[in-house]
Ligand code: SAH
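Take a look at this one chain, the form predicted on its own, written out in C-alpha cells.
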Amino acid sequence: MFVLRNMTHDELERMIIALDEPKYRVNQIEDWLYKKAAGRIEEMKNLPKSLFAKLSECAVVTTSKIHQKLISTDGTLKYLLQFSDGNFVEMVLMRFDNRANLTACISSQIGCKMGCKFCHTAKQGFTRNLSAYEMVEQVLTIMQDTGLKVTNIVFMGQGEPFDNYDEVYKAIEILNTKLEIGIRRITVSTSGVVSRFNDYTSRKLLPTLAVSLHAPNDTIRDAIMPVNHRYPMDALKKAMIKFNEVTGKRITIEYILLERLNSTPQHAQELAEYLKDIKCNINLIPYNSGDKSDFIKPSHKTIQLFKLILEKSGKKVTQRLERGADIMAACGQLTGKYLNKN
C-alpha cells in the first residue's frame, strides 16, 4: 500500500500516471494532504469516483496514529504519536491568550545522542532519525485532530535537528511550500553543533536560529551538555557571530535556569559578557522537572534578578511562559513515562 503522506511530489505523480489519471490530480491530492490535513482518502471530496476507487484499493493517507493525547488546563495539547514501526515521538501544540498564533513544537529524532543532563529525552538514548515526512506528519496530525491551522513551527522537541540536518531541511521546505508556513515562523534549535552552521547560514530559506546555551562558561556547560566537549563555547561564539554577519539576523539564545547551577547573579553577569558581541535575544526557561529530576527550578525572585541583570546589559530578554506543566509537556517526559510502564 502507498502511504500518501510519505510520498514526494514525483512519487505521487508516478503513482497517478500508473493509475491512468491526469497529472493535475497530484496537486488536488497534495492540497488535501497538506492544506486541509485530510486523514482519510474519503475526505478528498473533489476527486472523481474512478480515482477514489483506485486510491482506496492501493493507498492510505497515513499509517501513524495518536497513541495518547493530553490536554493541559492552559490549553496546551501534547501528543504521543506512534509510527508503523512501533516507535513513538512527541509533539506539542501551544496556544497563547490574546494571540492568533498556534505553535507546534515537533521532534526531529526518536531519542537523542546529545546526552544533555537536564533533558528527559536524553535518558531514553537514541533510536533513529525521523524522515522529513515523519516530521511534517506531526504537524498534519495536530491539524487533523484539532481542525486548526498551525501557524508557527519550532524544531525544539525530541532530538538534535542539526544531527539530522538534511531531513530537517527537507521538512522545512515542505512546511514552507506545501503548508504555506512562512519561513520567519519556523525556528530550528540546536545545542551547538557548530559544523552545520556554515551550511545552514548559506540556505536561501533561512528559518530563525535558536541556540540552546544553558551555561555561562565551559566548566558548567561541559558538566551538563556533552556537546560542549566537541564544540566549546569559544567556537560556538565565533559561529554565532559569523551567522550574524552573513545573514544580518538575530539568534535566539535559549537558557534553562537551574537552581544554583547556572542561575546566580554572577552567572548572569558572566553570560552577559559572553553574549555582548552577539546579536541575539535571550529566552529564559524555568526548568520543568517532571516526576524525578536531579535539578531544581529556581525561585521566582532568582529568575527575576537573573533577567534584570541581562536586561541591564542591553539585551532583549523574555521569560518563556510555562505551558503544559500538568501534562508533562517538556520533551521526552511523556515517552519516558510510557516506556517505563512497559
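As the structure is a prediction and not an experimental result, all values here were calculated from the model. Heads up: residue numbers just count along the shown sequence, starting at 1.
Although not depicted, the form predicted together with the named molecule is the subject of the following passage.
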item: Proximity of residue 167 to the named molecule in the predicted bound form, heavy atoms at 4.5 Å; value: no
item: Contact test in the predicted bound form: residue 191 vs the named molecule, heavy atoms, 4.5 Å; value: yes
item: Contact of residue 102 with the named molecule in the predicted bound form (heavy atom, 4.5 Å); value: no
item: 4.5 Å heavy atom contact, residue 207 and the named molecule in the predicted bound form; value: no
item: The single option of 126, 83, 118, 200 touching the named molecule in the predicted bound form, heavy atom within 4.5 Å; value: 118
item: Sole residue of 153, 130, 256, 92 within 4.5 Å of the named molecule in the predicted bound form, by heavy atom; value: 256
item: Stretch in contact in the predicted bound form with the named molecule, which is absent here, among 32-40, 52-60, 280-288, 309-317 (heavy atoms within 4.5 Å); value: 280-288
item: Stretch 217-236: residues contacting the named molecule in the predicted bound form, 4.5 Å heavy atom cut-off; value: none
